[in-house]
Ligand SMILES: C[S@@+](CC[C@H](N)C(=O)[O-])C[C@H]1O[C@@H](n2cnc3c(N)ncnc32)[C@H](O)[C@@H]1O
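One chain is shown next in structure tokens, namely the form predicted alone.
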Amino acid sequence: MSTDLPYLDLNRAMWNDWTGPHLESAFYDVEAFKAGRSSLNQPELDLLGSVTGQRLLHLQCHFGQDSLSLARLGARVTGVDLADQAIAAARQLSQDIGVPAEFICSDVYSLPGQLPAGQFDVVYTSYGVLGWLPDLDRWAAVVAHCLRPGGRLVLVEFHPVVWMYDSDFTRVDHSYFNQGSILETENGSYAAPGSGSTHQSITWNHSLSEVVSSLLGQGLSISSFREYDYSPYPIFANAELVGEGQYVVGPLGRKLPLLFSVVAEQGVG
């Protein structure tokens, strides 16, 4: 469905409203995080490897749990999110646990005006990020701008096949391909379904070819591409635990790809 509604304003309002319930949710379990629990999952840990001493940019960081988990591993982290309340919560969380990190309130596309080119060893982004962006060519250009020569993007994301289905995975509601913006009404959120909030949101579906082509178009080299038959989070209907940190959509089992990952490297000249 196409719409001319201001997507940044709508989506920012929703994420701001979600921040409070998410901070209190069992999904994020902030108290356990403060006590030392990492919020990172095995797919991204495997791809990132050691980040000690690396300058790392975390795009669409929400209230900073992954950013601070990476800082705990020794990275010098800058987290970015468009929701000002989420960024305020991230800064407070950083202070509460005594782990330094920088947090910037900005939409992704505005970052080149705020960050010098070639500043980061790693750009990291994960789990439910690309669908909030209308133009992946612009996204890839931001990634390329931020990476130093030889730096790398690490992306772990829900598989685009997932977003074709209705919420119960009983029918196909949307195209696999990007056919324009999708206006939906969100009741509650993935982390706090009973919060009582109702918001409109605007998203886009992006095929795997669109993701890969956008990065290649910026001269980045794909060094790793993987697909996974599970999600680390029980956020989909009829979620069933099939292994440590591995959930599937029960009736479909391991027949459906739920994640993919890409590592892409900036040329050295």
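A residue's number is simply how far along the shown sequence it sits, counting from 1. Values in this document were obtained by computation on a predicted structure and should not be read as measured data.
Absent from the display: the form predicted together with this ligand. The rest refers to it.
Colleague: I'd like to check something about Ala83: if you look in the predicted complex, is any of its heavy atoms closer than or equal to 4.5 Å to a heavy atom of this ligand?
Modeller: Yes - in the predicted complex, heavy atoms of Ala83 and this ligand come within 4.5 Å of each other.
Colleague: Please determine whether Ser126 contacts this ligand in the predicted complex, using a 4.5 Å cut-off between heavy atoms.
Modeller: Yes, Ser126 lies within 4.5 Å of this ligand in the predicted complex.
Colleague: Going by a heavy atom distance of 4.5 Å, is Leu220 a contact of this ligand in the predicted complex?
Modeller: Judged by the heavy-atom cut-off of 4.5 Å, Leu220 is well away from this ligand in the predicted complex.
Colleague: Although the partner isn't part of this model, could you tell me whether Phe177 comes within 4.5 Å of this ligand in the predicted complex, counting any heavy atom of the residue?
Modeller: Because no heavy atom of Phe177 falls inside 4.5 Å of this ligand in the predicted complex, the answer is no.
Colleague: Quick check for you: of 69 to 77, 131 to 139, 164 to 172, 89 to 97, which stretch puts a non-hydrogen atom within 4.5 Å of this ligand in the predicted complex?
Modeller: Checking each option against the 4.5 Å cut-off leaves 131 to 139.
Colleague: May I ask whether Val122, Leu155 and Tyr228 all come within 4.5 angstroms of this ligand in the predicted complex, judged by heavy atoms?
Modeller: No.
Colleague: Can you list, in sequence order, the residues from 96 to 113 that come within 4.5 Å of this ligand in the predicted complex, counting heavy atoms only?
Modeller: Residues within 4.5 Å: Ser106, Asp107, Val108.
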